[in-house]
Structures are given as structure tokens and as C-alpha cells.
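Here's a solo chain for you in C-alpha cells, the form predicted on its own.
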Amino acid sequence: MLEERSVEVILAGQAETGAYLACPDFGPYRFSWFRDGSFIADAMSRVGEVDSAERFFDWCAAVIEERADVVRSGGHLHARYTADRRESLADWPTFQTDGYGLWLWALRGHCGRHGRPDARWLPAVELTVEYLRRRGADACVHWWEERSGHHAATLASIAAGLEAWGEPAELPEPEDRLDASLLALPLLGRGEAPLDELEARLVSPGGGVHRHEEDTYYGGGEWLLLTAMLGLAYRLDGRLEDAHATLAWVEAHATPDGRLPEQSQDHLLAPAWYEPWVEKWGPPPCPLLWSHAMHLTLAAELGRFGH
């Protein structure tokens, strides 16, 4: 089953340090993002891979505790790190706060789900709460690392993390912009996604989900992880047939050896931009561990997999 294969791919992409490499076979993604990793750890926790999830939480805690002085001085933490917890020196947007909220959210969900004591992570949790109190209201780049502002998915991630640990979330209002990252809101318990508008403007004729209408990255394809998130939103909305259809769409885009790519090229928004990205970085990332994670989460929520 592809569910078991997703677990295998994620475990193969987890470094000895506990970090989940976003795509081990794609140079620009050979890092661990707090955002991607938190969704991956949450998925692994849901299907009973307790040790894998906790190794990632340990990695997160070490990253944060090693930067306690940065937090206490009001500095900015990075969004991604090397497997051995170093900052990347690449020319890449670094300031994103969503991942720090998401690791708090994923950790609390894991501890509650499995009855695990949280004492070993509490120093890092306290530092993360302090960091989000200081920097959580700042404008930062959004999930896709293209635009700076106050983004709904970012603010929802922060609020979900803080409130999971009993901390108030006093955050600014998000800008009004359609983006498929809004599909995370129901998963995080932060309200409903605008499904009608998303379906009309960002769901392709084939059923896959685009990030946003201006997307030109690798031609602006349909993202598997977002399509799985659409399925989760459908499930929470009681649309089980549609949820199963999105799961089938994701699984239909697996490679013959069961790897899930970042995106599909079935319905490109900007076809002229596909080859320039291939010339720059090579073929699109595959496997993307975040794609496998959201596939696992949707499969588990639909009763297809779990312990």
C-alpha cells in the first residue's frame, strides 16, 4: 500500500539528527524546515511512528535551545536549517514564524495522542513561546517564501501553537488574499477554509490544487500536499466522497516506485516557466516528504491507515 511506502520514504529522508530533509534528492531542499517537518512529524505521530516524530521534536528543541540568546535578545530565527542544525548560507528568505507555531502544535498533539510526557521539551517550548510573543506579530514571508506580509496561514500556525500550550495569541489581522495555504486553517482548528472560492479559482479541472493564481514556480503546477489538505477540509465539512477523490488523485500521481513529487504538471498555470526552472535546478522535487506526510494524514483520517 502507498501508505506504508510513504512511511518508508519519510524514514529514509530523516537524518540521524532527527531532522526531516524536505527532499533529500533535490539540492535546494536538502534542509529541514520547521513548517514542513512539523506536518511530517504530525503525520508520523498519527500513524504510530512515535520514535520518528520524537526524534524530530528533539531536533527542533536543540535548534531552539542553542539559540536561546537570539530569542532573549529579540532576534530572528531562521525557517530552515541543515540536518546538523546550522543556518543555511544560501540566498533564500529566512524569516518565517509559522514553523515555530507549528512545532508547538504538532508536539502538543503528539503528547496528547500518545500520552507522552512533555518534560524534556518544555525548555524549548518556553523559549518558542517567548519568541512568538516577541516576533509573532511581525510581517514575514509566507509559506511559499515569495511575499512578505501578515498571512492567514502563518498567523493561524502561530495561534494554533500558542493556544495548544495555553498561551493567548494576540496577533494582527491577516491580509485578504486567496492562497491555498488557507486549507490549513481547519486542520489547525482555526476556522473554515473558503472552499467555494478555492474550488472556483485554485482547483484544476483534474482536481489538483494550485498554490495561488500568480504561481510560476515550475510552471505553476498542482501541489500534492495541498490537494491532500483539500481532502482533509472536505472530510471536516462532511464531504467524504470528495475527500476520497482527492486521496485517489494524490495516489495517482505517485511514481512507479511509490514516491510522491511536490507537484504535478497536468495543468500548468504558466507553462512557459516550466523549462526555465528545470534549466536552473533540474526536474521538480521528488520525493517531497511533505507530500508523503499529507497523504498519510488524509489516509489516516479516512480510516485507510493507522495504529
Ligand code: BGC
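Heads up: residue numbers just count along the shown sequence, starting at 1. Quick caveat, the model's predicted, so the values are computed rather than measured.
Although not depicted, the form predicted together with the ligand is the subject of the following passage.
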Decide whether W165 counts as a contact residue for the ligand in the predicted complex under a heavy atom distance cut-off of 4.5 Å. no
Would F95 count as touching the ligand in the predicted complex under a 4.5 Å heavy atom rule? no
Can you tell me if D42 lies within 4.5 angstroms of the ligand in the predicted complex, counting non-hydrogen atoms only? no
Determine whether any heavy atom of E145 comes within 4.5 Å of a heavy atom of the ligand in the predicted complex, and answer yes or no. yes
The ligand: the contacting residue among V9, A22, A19, A299 in the predicted complex [heavy atom, 4.5 Å]: A22
In the predicted complex, does each of D36, R211 and W290 have a heavy atom within 4.5 Å of the ligand? yes
Answer among 180-188, 103-111, 166-174, 215-223 for heavy atoms within 4.5 Å of the ligand in the predicted complex: the stretch 215-223
For the stretch 232-265, which residues lie within 4.5 Å of the ligand in the predicted complex by non-hydrogen atom distance? E262
